[in-house]
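Quick setup: the structure tokens below cover two forms of a single protein chain, split into structure 1 and structure 2.
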Structure 1
């Protein structure tokens, strides 16, 4: 592999890895607050992609209840992405209300909430298939007016990038920047950090933990919906179950970066994206295996993940 091709693959990996990062952040935020993994996140990822597709005014296929139906208007892609993310965030709020809050109010074991989220994920995927069928969908004219590729090379060294990957990377970086600003420079973000550190003490200090948990599910859903749209933009929406594969990658990023660590989710997502991009073409069918093998190796030497904290159990 020559140097130009190597750098091109690294940049490609950063683009895809940035999507993995914002997807995994949805897992991370909920885990940091409740200490559980929300398996419904992968279904919301899928919903976000379909929401954006619908908001663009596109028609669905022939095998669902909504066959050959479309909204009477069509938004440009940037507004449709934002709208799809907001609708996915609203769905995250509904998931919290239906699957988490009733069990949390009863003091149920966290394992029951995990199982409840898994049940919601299965239900949502089946509802999606019932409504829109199992066909693959591509966003119509999402990047109309832009060239198919861009040369980002400098100093005479070519660095050809697909325009869609450049757009994905820019959107992902903007989302990550906005999230970091929210978490580190706003009262709501600092309150979320306080709840993540010790919800009981935060509640005693006057912080409305229920409201912040609801906000966390909204942000998580928004991130998942945006990630679903960006992946759908890159490889098309392959069907109601396409969120499951990326859900597994999101979990890998969550564990690799460190459970509950926001910077860890970013680093883990970028790392897995780069590793997958550097897999030789003749081994492309083993990208998942390579990524998870590296995950196992890292966890063998550092069980808490790359940026996770080591917890000391007091006896």
Structure 2
């Protein structure tokens, strides 16, 4: 691999890695507050992609209950992405109300919440299939007016990037920036950090824990929905199951960064994106396993992840 190609792959990896980062942040936020992994996150990722597709006014295929239907209006792609993210955030809130809150109120075993979120994921994915069938969808003319590739090279060295990846990288960075502002410079963000540190003390200090948990699920769903749309934009929505493999690889990001660590999710996402991009083409069949190999290695040698904290179990 020559140097120019190497750099090109690293930059491609950064673009996909930035999507991993915002997706994994959705897992991380919920984990830092509730200490559980929300397996429905990958289904919300998928839903977000379909929401954006519908909001663009695009028509569904030949199978499913909604075959050959479309919304009477169509939004331009940037608005549709935002709308898709907001609707996905709303789904996140619904999932919290239906599958998590009743169990939390009863003080149920965290294992049950994990199982319940898996149940939600199975139901959502198959509802999508039931409604719009299993065919692949791609966003019609999403980036109309932009050239297919951009040269980011300096001097005489070309560095050709697909425009899609540049757009994806910019959107992800905007969202990361907004999230950092929210977490560090607003009252809600400070309250979220307080609840993550210690929910009981936070509620004694007058923080409404239940409302903050809803907010967390909304933000998490928003991040997942946007990530789904961005991946759909780069490769097409390959069907109702397209979130599953991405979602499982997102777990590797979560573990690599450290469960519950926000900077960890960003670093982990970028790292896994780059490593996957550097898999040589003749081994591309194994690309899907890279993230899981990383997951196992991290679990065995540094279970707290790159930036996670170790917890001391108290009796």
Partner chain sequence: MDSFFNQYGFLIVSMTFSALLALSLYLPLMAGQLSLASPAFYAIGGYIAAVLSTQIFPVESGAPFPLERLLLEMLIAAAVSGVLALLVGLPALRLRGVYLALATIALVEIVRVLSLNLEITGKAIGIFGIPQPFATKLDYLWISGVLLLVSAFFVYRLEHSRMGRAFAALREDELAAGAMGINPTTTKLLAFVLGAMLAGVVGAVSAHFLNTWNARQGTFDASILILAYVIIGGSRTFLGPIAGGLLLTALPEVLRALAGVPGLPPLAVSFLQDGRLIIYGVLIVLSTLFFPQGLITPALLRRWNRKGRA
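Model, not experiment: these values are computed from the prediction. Take the two forms, superpose them, and find the largest set of C-alpha atoms that agree within 1.5 Å; that set is the rigid core. Numbering follows the first chain given and starts at 1.
> Compare the two displayed forms of this chain and pick out the form predicted together with its partner chain.
If we ask which form is the one predicted together with its partner chain, the answer is structure 2.
> So with the core overlaid, does the Cα of residue 299 end up 2 Å or more away between structures 1 and 2?
Yes.
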